[in-house]
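One chain comes next, on its own, written out as structure tokens in the form predicted on its own.
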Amino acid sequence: MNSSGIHVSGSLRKRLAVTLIGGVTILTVLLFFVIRNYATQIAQQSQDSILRASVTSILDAATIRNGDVVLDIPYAAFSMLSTTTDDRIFYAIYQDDTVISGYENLDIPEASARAESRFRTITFMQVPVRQVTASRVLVGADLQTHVTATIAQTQDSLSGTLNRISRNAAIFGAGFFSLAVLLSAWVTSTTIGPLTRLADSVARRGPQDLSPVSKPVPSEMVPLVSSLNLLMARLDRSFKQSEDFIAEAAHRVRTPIATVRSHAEMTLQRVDKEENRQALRSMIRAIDETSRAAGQLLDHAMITFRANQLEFHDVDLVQIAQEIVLRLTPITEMKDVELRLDVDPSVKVSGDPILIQNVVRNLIDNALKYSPSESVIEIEVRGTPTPRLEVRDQGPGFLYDEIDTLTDRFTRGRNATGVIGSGLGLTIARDVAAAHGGKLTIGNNLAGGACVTFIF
């Protein structure tokens, strides 16, 4: 299993390379033996041809004179057998079954008298020799006889020739093997190349790109690409269904809660008993906590979903901040809190408009929750050195020992007691910043109050 948790059963590239190189190795060994055996046959045939010519020239010199066999062995009969290693030559000439010249212990094959020539490899005088035997019938005025000649030659020269051929064949085989290994590597790379390119193409896609793979692929990869395209189609449908579900859930959760809160407020105005009014106030507070928690849970789910498939557009951060401030103005007037904007004329950023709006609303809403009456919330939007949005309030600020953990989910500071919240506002802002390649920093103002900066 590798670091990504995938069970690996081996490398296809290595398997293909080993198969090709293994086949080449077998082919090289077979080629070596084929070349050597063929060269042995050719060399042996050449020696046999010379031996046949030598024994034939001896028989051609045999004649009958005055009733006797006369044999004048030609010089060329033995000179043609000379080699670079000076192989030893043995011969014997028989008249019928009697040796008339040569080595008496050099036997002839039994069937030689009825054959023109016969070759065999034997051991004579403790050395291996190649022997050829031929016979001829001589007919005179009053004589008919069989003359048989046999010549044997050592094979030192033939062995040396075969060794040279074997060495050259081995060198040729090594060259062939090296070339074949290089070709195997090239073939392996070429064969695996389309699969590697497909993997790179899929890896380079953004999370939101679930379009089918349309590039041409080899026929063997069609089932894989077809399965991949089907998977992408299912994922696309699943993401769309998830987005629709979150939007529908947000509507169906928030609307009934808002309705219940309205009825509770109306009932509060008509109730006179203080204990009933207190119970209704607790109910309204619980409704507010539930509404905020459900809303932020749905917002967090939406951000988690959209962070994997961001839809980048050019948006004006200043315009988004102005719209949200305008939308929150009625609430700030009720709490007697001033929203003060300090912005550049325009700050263009590339990002997901829905997520950016959500972050700006959460940051301002958080500041509004913790701001006391007759205080000011400063919202600053700047385009240099990098686009950023900073929200400063005059509330209790952050405890320094908690700053590193406040962006964790469902984490609230110790000084947030009595304030409605879910502990997801800063988590949402942090996740959106990370999805846009930015960061979220939190701290305190020198004069008191919290300071949160969203940096793109």
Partner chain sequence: MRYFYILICCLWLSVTSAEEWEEQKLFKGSSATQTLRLLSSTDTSVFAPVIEKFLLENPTLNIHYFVTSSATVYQRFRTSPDQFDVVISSAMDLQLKLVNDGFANQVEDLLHPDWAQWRQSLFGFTLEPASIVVNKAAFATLPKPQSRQQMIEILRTNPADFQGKIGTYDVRQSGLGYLFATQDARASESYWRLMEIMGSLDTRLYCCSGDMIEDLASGSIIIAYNVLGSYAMARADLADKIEVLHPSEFPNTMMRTALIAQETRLPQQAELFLRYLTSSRWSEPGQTETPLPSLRTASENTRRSIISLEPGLMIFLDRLKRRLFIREWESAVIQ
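Computed from a predicted model, the values in this text were never measured in an experiment. Residue numbers count along the first chain shown, from 1.
The same protein has a further form, the form predicted in complex with its partner chain, not shown here; the description that follows concerns it.
Next item on the list: Answer yes if any heavy atom of Gln357 is within 4.5 Å of a heavy atom of its partner chain in the predicted complex; otherwise answer no.
Entry: Taking the distances in the predicted complex, the answer for Gln357 is no, it never comes within 4.5 Å of its partner chain.
Note to self: With a cut-off of 4.5 Å between heavy atoms, is Gly102 one of the residues that contacts its partner chain in the predicted complex?
What the structure shows: Heavy-atom contact with its partner chain at 4.5 Å: present for Gly102.
Check: Is Arg88 close to its partner chain in the predicted complex, meaning a heavy atom pair under 4.5 Å apart or at it?
Finding: Taking the distances in the predicted complex, the answer for Arg88 is yes, it comes within 4.5 Å of its partner chain.
Margin query: When the contact criterion is heavy atoms within 4.5 Å, does Ile331 count as touching its partner chain in the predicted complex?
Written below: Although its partner chain is absent here, Ile331 would stay clear of it in the predicted complex, with no heavy atoms inside 4.5 Å.
Notebook entry, point to check: Can you pick the stretch from 187 to 195, 92 to 100, 344 to 352, 216 to 224 whose heavy atoms fall within 4.5 Å of its partner chain in the predicted complex?
Noted result: Among the candidates, contact is made by 92 to 100.
Next item on the list: State yes only if every one of Ile165, Asn168 and Phe176 has a non-hydrogen atom within 4.5 Å of its partner chain in the predicted complex; otherwise state no.
Entry: No, because Ile165, Asn168 and Phe176 lack any heavy atom that approaches its partner chain to within 4.5 Å in the predicted complex.
Item checked: Heavy atom within 4.5 Å of its partner chain in the predicted complex - residue from Leu182, Met266, Met125, Leu143 -> When its partner chain is considered in the predicted complex, the option within 4.5 Å is Met125.
Check: Since exactly one of Ser82, Gln241, Thr259, Ser201 fits, which has a heavy atom within 4.5 Å of its partner chain in the predicted complex?
Finding: After the contact test, the surviving option is Ser82.
Note to self: At 4.5 Å, heavy atom to heavy atom, what parts of 150 to 175 sit next to its partner chain in the predicted complex? List them in sequence order, or say none.
What the structure shows: The stretch 150 to 175, when checked against its partner chain in the predicted complex, contributes Thr154, Asp156 at the 4.5 Å heavy-atom cut-off.
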